[in-house]
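One chain is shown next in C-alpha cells, namely the form predicted alone.
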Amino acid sequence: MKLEEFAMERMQSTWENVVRYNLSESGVHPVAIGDLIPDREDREALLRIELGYGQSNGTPDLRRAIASMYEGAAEENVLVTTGTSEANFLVSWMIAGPGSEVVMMLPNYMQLWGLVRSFGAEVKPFHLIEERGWAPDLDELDRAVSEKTELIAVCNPNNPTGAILTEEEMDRIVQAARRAGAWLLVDEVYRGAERSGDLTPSFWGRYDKLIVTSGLSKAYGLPGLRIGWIVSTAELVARAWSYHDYTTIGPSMASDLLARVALRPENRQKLFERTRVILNSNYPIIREWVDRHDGLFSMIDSQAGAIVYMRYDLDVNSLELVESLRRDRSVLIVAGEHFLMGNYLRIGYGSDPDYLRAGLDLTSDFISKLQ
C-alpha cells in the first residue's frame, strides 16, 4: 500500500495555526471546556479521571448515547473512533481492495478518494450538479454502479457545497446500493449544522448494509475532542473494532467523558442551537461579500455547515491563488483543486464575525491587485 498525499489536509495542517486568518475551517468556532461543563459536579468528575486506557470501543454509556440518536440502534451497533476521519479510514480499509469498485459522490471531502485508491480500489464518481443547486446526478450514479461495486460513499450534508439531499434522492441512492448488494457509507458529520434549524434526515434505517459515520467536530463545535463514530450492523462494528486495534486503539478517557456530557439531550440541543446562531449571524457577511464583487464570484446558497463553495472568474489556478493569498496576506482558504475542480474556492465562515470580516477584507484587497 502506498498512500497518496491528502493535499487539502496537508495544506491545512501546515498553515491553519500559523496564518493570521484561518478561513479554511469547515466548522464553527470551538466550544471551551468551561462552557461545555459549567456544572460543578461534571467539572469534578473530569478532574477525577485517571489518565489510563479506557474502553477501547468507547464506554457503554457513550455508545448508548450515540445509539439513541439512531432509531433502533443499540450499543453493539456503535464503535467510537478518533474523529470521523478514523471512522472513514476503518471503513475504507475493511471494504476497499484490489479489483473492487467504489462509487463516490463528488465534490466531497477527499479522504476516501485517496484512501480507497491507495488500497487498490477503482473509484467511479457521480457528481453534484451546480446548475441544479448541487443536486446529485442520479442517472450518472446508476451508470457507475456495477456488480463489482463494493461501496457507495456519500456525504450528507455535503462538504464542500453545503447541499442537503432530498428524501427522494436518498431513496434513489439506497436503491442503487441495494441493486448491487453494495455497502452504503454515509458521512453525516455536518448533520445538525443546518441554517434552517431542520435536522437533516439520517440514512439510518433505510438499508441493511448501511454504515453511518459522524462525530462531534462540525455541528457540535468540539473538534478538539477527536470523538467520532461508526453506526452499522453489529457484525460490521465488531469487525471494525478489530481494525481499530491497529490504529488508535481507543479514545482518551477525558474525551469520552466530555462526549457523554455533550450528548446529553439538553446539551446536544444547546450545542446545535449555538452552531445555528453562528451560521445565521455570519452567513449574511459572506453572502454580502460575494455579492459586492460584481459577478467575480458566484455561489449556490449553502444549506448546512460553516462553508460556502464559490466559483470565481479570474485567470488564475485556485492552488496558486490560495497559496499567494496565504503568503501575501496571511489568510488561508481552500482551493477548488483540492476537490478536483478548477476555478472554485471553499471559504469557512464559522469564526468570530470581526475575524471573518477582517479575513475577507484582506482577501478582497489581494484579489483587487490580481485584477
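None of the values given here were measured: they were computed from a predicted structure. Position 1 is the first residue in the sequence shown; the rest follow in order.
Just so you know, the form predicted together with a small molecule exists too; it's not on screen, but the next bit is about it.
Engineer: In the predicted complex, which of the listed residues (Val91, Leu79, Val212, Cys155) lies with a heavy atom within 4.5 Å of the small molecule?
Structural biologist: Looking at Val91, Leu79, Val212, Cys155 one by one, just Cys155 meets the 4.5 Å heavy-atom criterion.
Engineer: Report the residue, out of Thr84, Thr161, Thr275, Ser232, that has at least one non-hydrogen atom within 4.5 angstroms of the small molecule in the predicted complex.
Structural biologist: Spelling it out, the residue with a heavy atom inside the cut-off is Thr84.
Engineer: So which of 275 to 283, 91 to 99, 144 to 152, 215 to 223 is the stretch with heavy atoms within 4.5 Å of the small molecule in the predicted complex?
Structural biologist: That would be 215 to 223.
Engineer: Ser26: heavy atom within 4.5 Å of the small molecule in the predicted complex?
Structural biologist: It does: once the small molecule is placed as it appears in the predicted complex, Ser26 has a heavy atom within 4.5 Å of it.
Engineer: Does at least one non-hydrogen atom of Phe203 fall within 4.5 angstroms of the small molecule in the predicted complex?
Structural biologist: Answer no; every heavy atom of Phe203 is more than 4.5 Å from the small molecule in the predicted complex.
Engineer: Is Tyr109 close enough to the small molecule in the predicted complex to count, meaning some heavy atom within 4.5 Å?
Structural biologist: Within the cut-off, so yes.
Engineer: At the 4.5 Å heavy atom threshold, is Val189 in contact with the small molecule in the predicted complex?
Structural biologist: Within the cut-off, so yes.
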